[in-house]
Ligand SMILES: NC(=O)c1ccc[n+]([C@@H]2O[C@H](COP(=O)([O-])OP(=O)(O)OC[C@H]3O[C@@H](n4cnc5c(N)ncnc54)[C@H](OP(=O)(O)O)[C@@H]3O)[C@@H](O)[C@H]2O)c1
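This document opens with one chain alone, in structure tokens, the form predicted on its own.
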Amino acid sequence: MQKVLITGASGFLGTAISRAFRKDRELVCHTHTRGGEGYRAADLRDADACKQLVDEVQPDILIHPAAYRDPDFCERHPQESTLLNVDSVRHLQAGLAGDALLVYVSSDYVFSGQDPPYREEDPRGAVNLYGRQKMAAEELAAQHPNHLILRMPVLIGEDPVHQPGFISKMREAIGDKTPRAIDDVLARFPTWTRDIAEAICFLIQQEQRGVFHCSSQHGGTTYALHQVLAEMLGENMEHLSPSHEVLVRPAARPRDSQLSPEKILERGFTGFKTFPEVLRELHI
């Protein structure tokens, strides 16, 4: 039976991946602080902790979604975020057996957003530190002889405890009736964590290697997505106004970094649900 090590297993995407892989593989879940049966606590910002984790588990498959995902946090904390978003990849793969599979979770933010939709072979050009960190981490992951790199956009799904996600923040904005401006410029393509987890399973089962894009093709501006959610909730959003200029934040965002999933679909994957379909699946 294959042994699978999943980093950040109690996080937003890690939770979905863990559920998908519990069926027929021996699973070891890493978290930053939580220990207990089936869990290994390790600070992946520390080189020795990374080495010890891999040495103890000796995984056949290492899936690495653990990261600081907030571009603004990364911009404000460049040294700390680089330790997790870049250096952890170097340290984890250093102890990984050559025939073990490294699955690295990357982002659509490696692209500039000027020429979508993006295919796997298109030139990268990140506009913020988070995207540049992901570019550097991809290059490290690609040095491992047996690797899968998956790029994905903003993720949606069930929120882990104390980790409000994209949908929860939208619901809060719609529900609290506080007037605010919502971005109506930048395109987003929210993709279900369960679809991502199934895509990873599919690619591993098909023994695929290299870079793959995993993304829903239903998108819109953040304001437009709020409109979809508000309609499903039966709420009005008169207190929310569309901003036709990009809102100023610490980290710049690509205008439209839409990913083309054509490559994975050509290999037989069934596809990614639309934003309204995911909302219905989540009983919203």
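For every residue, the number given is its place in the sequence shown, counted from 1. Keep in mind that this is a model prediction, so the values were computed, not measured.
There is also a form predicted together with the ligand; it is not shown, and the following applies to it.
Student: State yes or no: in the predicted complex, is some non-hydrogen atom of Ser18 no more than 4.5 angstroms from a non-hydrogen atom of the ligand?
Tutor: No.
Student: Within 4.5 Å, heavy atoms only: does Phe12 come near the ligand in the predicted complex?
Tutor: Residue-level check for Phe12: yes, a contact with the ligand.
Student: Any of the heavy atoms of Met152 lying within 4.5 Å of the ligand in the predicted complex?
Tutor: So Met152 counts as contacting the ligand.
Student: Looking in the predicted complex, any heavy atom of Ile63 within 4.5 Å of the ligand?
Tutor: Residue-level check for Ile63: no, no contact with the ligand.
Student: Report the residue, out of Leu84, Leu96, Ile204, Met170, that has at least one non-hydrogen atom within 4.5 angstroms of the ligand in the predicted complex.
Tutor: Looking at Leu84, Leu96, Ile204, Met170 one by one, just Leu84 meets the 4.5 Å heavy-atom criterion.
Student: Only one of Val54, Leu229, Leu44, Val28 gets a heavy atom within 4.5 Å of the ligand in the predicted complex. Which one?
Tutor: Of Val54, Leu229, Leu44, Val28, the residue with a heavy atom within 4.5 Å of the ligand in the predicted complex is Leu44.
Student: Each of Ala67, Tyr130 and Lys134 near the ligand in the predicted complex, meaning some heavy atom within 4.5 Å?
Tutor: Heavy-atom distance to the ligand in the predicted complex: all three under 4.5 Å.
Student: From the candidate stretches 139-147, 100-108, 177-185, 117-125, select the single one in contact with the ligand in the predicted complex, where contact means a heavy atom within 4.5 Å.
Tutor: Comparing against the ligand in the predicted complex, the contact stretch is 100-108.
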